[in-house]
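Each of the two blocks below gives one form of the same protein chain as structure tokens; they are labelled structure 1 and structure 2.
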Structure 1
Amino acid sequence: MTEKTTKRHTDPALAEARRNQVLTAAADCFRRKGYHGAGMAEISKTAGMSAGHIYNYFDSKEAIIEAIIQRDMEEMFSVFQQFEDQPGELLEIMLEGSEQGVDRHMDREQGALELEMLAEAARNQKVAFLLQQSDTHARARMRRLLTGERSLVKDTTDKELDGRINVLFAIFGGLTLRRTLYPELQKDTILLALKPVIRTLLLPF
């Protein structure tokens, strides 16, 4: 066992910090140069470590993308967990939480990365599968929220609930595209129209 490998296993906090360092650098490279334009040499330069060191943590660029998708999913799941843990009416909790969702989907840097990954998914079957898998998990987690005891639509049919969830996801996902095409778009303008729409989707028809 090499000294590097031993160090990684005996200091997991340092290993996690190094992994995050690589992921942050890779995300920056993908935004600036695209998936194909950002090679491991570019990523290693941005991360401030050798390419060989990066391979201690990730086998390939696809492995880096997989980790970025996993990190994004964990962040999203932490928001869902906050919804579940917070006392009170689920509808009001989710309406309030919609502001956080708008912030995330209107963030220019995050949006640029998401658009690049979607573009790569159109060419790369493995990346497409990873993004589809992430979406499947996210919809399942939202379904768990909306079928819980505090949900006002818990008795909705499966087909109708699927429709509501997909419309919610389409609205938030579409904000990334709208902000790209209309950079002057403002959060407060979106929320004026968004909150009534969310209320409608989370109430029985």
Structure 2
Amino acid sequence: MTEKTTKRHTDPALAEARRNQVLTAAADCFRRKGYHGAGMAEISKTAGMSAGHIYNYFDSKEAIIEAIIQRDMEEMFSVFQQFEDQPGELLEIMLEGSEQGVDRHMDREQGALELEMLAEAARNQKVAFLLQQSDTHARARMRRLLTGERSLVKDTTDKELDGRINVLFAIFGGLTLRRTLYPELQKDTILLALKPVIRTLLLPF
């Protein structure tokens, strides 16, 4: 107990810190260069450790992107938690929340990484599975919101509900693409048309 932490042999907190160090660095590199474009050399330099050492924390480059996905998944859950914790009518909450939703999906950096992962999913089964799993969770959470007390569409059929959720998700996912295809696009421009659409999706047709 030299310092505040007992540094005696094999500190799991250090290991976790190093893992995150790698994940953050890798995410950064993947954003900039793409999964295939970013080499372990660059990742290791960004992470501030040798390439070889990374393999003490991850079995392969593939394992790194998989860990990134899982980390992102957990972040996503906290967003849903916000909606669930907030009181009031769901439509109002989501209209207000749409602003930060647009923010998040139009962030170039974040979007680039998500695109990379989606593209990788097309040729990497494990990545595809993880992303789908994440999406399934997200849809389940959203469904819970839409069938809850505070929802105005809680009585629609399952199928219609699924349609509403998927169109909603498509929009936000699609915003990620808009940023790439139309970088000058402003957030408030989107919101002008997005809010009426959200209203449509959260009210009976």
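On a predicted model such as this, the values are computed, not experimentally measured, just so you know. C-alpha atoms forming the largest set that superposes within 1.5 Å between two forms make up the rigid core. Structure 1 provides the reference sequence; residues are numbered from 1 along it.
In this pair, structure 1 matches the form predicted alone, whereas the other structure does not.
For the relative rotation of rigid parts between structure 1 and structure 2, the listed residue sitting on a hinge is Glu75 (options: Phe172, Glu75, His53, Glu92).
Hinge angle between structure 1 and structure 2, smaller rigid part versus larger, from C-alpha superposition: 15 degrees.
Its Cα shifted by 2.4 Å, Met49 is compared between structure 1 and structure 2 on a rigid core fit.
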